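Just one chain follows, in the form predicted on its own, and it is written as C-alpha cells.
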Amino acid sequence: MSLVVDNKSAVTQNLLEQLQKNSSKIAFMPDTEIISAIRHLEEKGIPNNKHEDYKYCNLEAVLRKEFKSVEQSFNELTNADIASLKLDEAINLVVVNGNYNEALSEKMIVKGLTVKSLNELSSSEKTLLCSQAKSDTDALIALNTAFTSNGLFLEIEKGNVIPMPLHIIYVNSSNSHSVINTRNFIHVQANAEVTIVESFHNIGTAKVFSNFVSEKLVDENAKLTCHTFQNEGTLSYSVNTNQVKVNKHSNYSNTTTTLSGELVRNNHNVVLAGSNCEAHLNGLFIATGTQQIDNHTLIDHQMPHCESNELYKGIAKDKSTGTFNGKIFVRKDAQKTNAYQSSKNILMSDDATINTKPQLEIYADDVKCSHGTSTGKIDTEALFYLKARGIGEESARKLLLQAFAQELINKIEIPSLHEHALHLFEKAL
C-alpha cells in the first residue's frame, strides 16, 4: 500500500515510510480499516503539545528525537528469558514484540475460554476488530491499526466463570530502535466472569516505542476485572490505549500500577452503554529521574442508573513529571448517574511536576457527580512523629509513602498478586 503523507508532518511521514519498509507483508486488519487509519494519519499526524489531549505529552517530539531511525530488529526469546515474568496460580499467555507466542504460552484446556492469534480469527470474529477502537478518534489508534502485529484474541463464552486469572505477558525485546504496535481484543460474553492481569516488560538493549491498543467488550451481566503492571525500564516509551464498552448490568474494573518507563501515556476510555452497569478505574505511579507518566481517562455515561469511580495516586521524585487528565461525560439520557473522581499526588522534590485536570461534562439533571484533586509534599508532622520514635528519616518516608499507596494496592484481591504488587512498589521506592 502506497503511503502519501502531507509534508506538514515530516515526523509522521518518516515514521510511516520506515514502518512500511520494515513491517510484515501480512495485514491483520481489514483493508478498509487500514485505509481509514492511513487517511487519519495523513490529516492529523502524530500528536504534539498543540493537541489539547496531548498538552503535556509531546509524542511528535519524542519520535523526532529518539526514533528518527527505526530498524525493527527484534530478538527471539526462549522460555528461560521469560520464566521470571510468569505468575504462579495463573494461566500465563505470552506476547513477544506484539505477536502472540503460543510456544511460550501455557497450554491449558479451560471450559469456555478461547485463545488465538489475530490471523486465526473467523470471519465473524474479525468483524469485532476496530468495533471499539476507532482510527478516526486518535492518531495512535490509527498507527496501531495500520501496522498492528499478530496480537491476541481472548473470548470468554456465555455463562462461564474462569477459575483462575489469565496473565498476559507483553515482552518487547529489540537490539535496534523499534516501534511495536501490539493489539488485542478481549470479549467477555453474557453472564461470564474473568480476571486478567496484563504486565509489560522490555528486556532488549535498544529503545522501543510501544503503541498498545486493547479493545474490551463486556456483554450483559458479565464481569471483567483487570490488573495492569507497567515496568518496562528506561529504554521504553509507551502509549497504552484501552477502549472498553460495558453493557447493562455488567461490571468493569481496572487497576494500573506504573513503576518504570521513560515515557508512559495511558489512555483509558470506557463507554457505559447499558443501564445499571459499573466502571472502576484506579491508578498508582512512581516517577523518578526524568520520567514522564501521563494518565488520561474518559468515562462516557450513556444510559441511566450507572456508577463510575476513579482514584489515581502519584508520587513524583527528582525531575520527573506526572499528569492526570480525567473526564466524566454524562449524556442527557444518563439520569441517576453516580460518578466520582479523585486524584492525589505527592511531590518528593522541588524539581518534580504534577499536572492534574479533573473534568465533568454533564447534560443530565438527576445525577450525583464529584471530582477532586490534591498535590503536596509528605506530611511533615507525620514524618516528625515517626522520627521522634526512633525511625530513621529514610525509613519514615518509605512508611508514609507505603501508607499513601496501600489503598490502591489493597484493591488487588488475589493474594499472590497483592504480594507481588507490594514487592514491586517497595522495590521502586
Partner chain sequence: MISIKNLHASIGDKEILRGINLEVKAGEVHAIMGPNGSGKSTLSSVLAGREDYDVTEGEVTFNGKNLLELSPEDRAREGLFLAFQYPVEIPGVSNVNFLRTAVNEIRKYHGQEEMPAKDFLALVKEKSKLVELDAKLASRSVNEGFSGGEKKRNEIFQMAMLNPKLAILDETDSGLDIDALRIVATGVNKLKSKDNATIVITHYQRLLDYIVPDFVHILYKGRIVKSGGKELALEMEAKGYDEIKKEFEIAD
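Model, not experiment: these values are computed from the prediction. Residue numbers count along the first chain shown, from 1.
The form predicted in complex with the partner chain exists for this protein as well; it is not shown, and the discussion that follows is about that form.
Trainee: Going by heavy atoms within 4.5 Å, which of 379-387, 366-374, 53-61, 66-74 lines up against the partner chain in the predicted complex?
Mentor: Looking at the partner contacts, the answer comes out as 379-387.
Trainee: So which of L399, L360, I35, A27 gets a non-hydrogen atom within 4.5 Å of the partner chain in the predicted complex?
Mentor: Only one option qualifies, and that one is L399.
Trainee: With the partner left out here, check for me: in the predicted complex, does some heavy atom of S416 sit within 4.5 Å of the partner chain?
Mentor: No, S416 is distant from the partner.
Trainee: Heavy atom to heavy atom, is D31 within 4.5 Å of the partner chain in the predicted complex?
Mentor: Judged by the heavy-atom cut-off of 4.5 Å, D31 is well away from the partner chain in the predicted complex.
Trainee: Can you work out whether S395 and the partner chain are in contact in the predicted complex, taking contact to mean some heavy atom pair no more than 4.5 Å apart?
Mentor: Judged by the heavy-atom cut-off of 4.5 Å, S395 is in contact with the partner chain in the predicted complex.
Trainee: Are any of the heavy atoms in Q406 no more than 4.5 Å from a heavy atom of the partner chain in the predicted complex?
Mentor: Close contact exists here: in the predicted complex, Q406 approaches the partner chain to within 4.5 Å, heavy atoms only.
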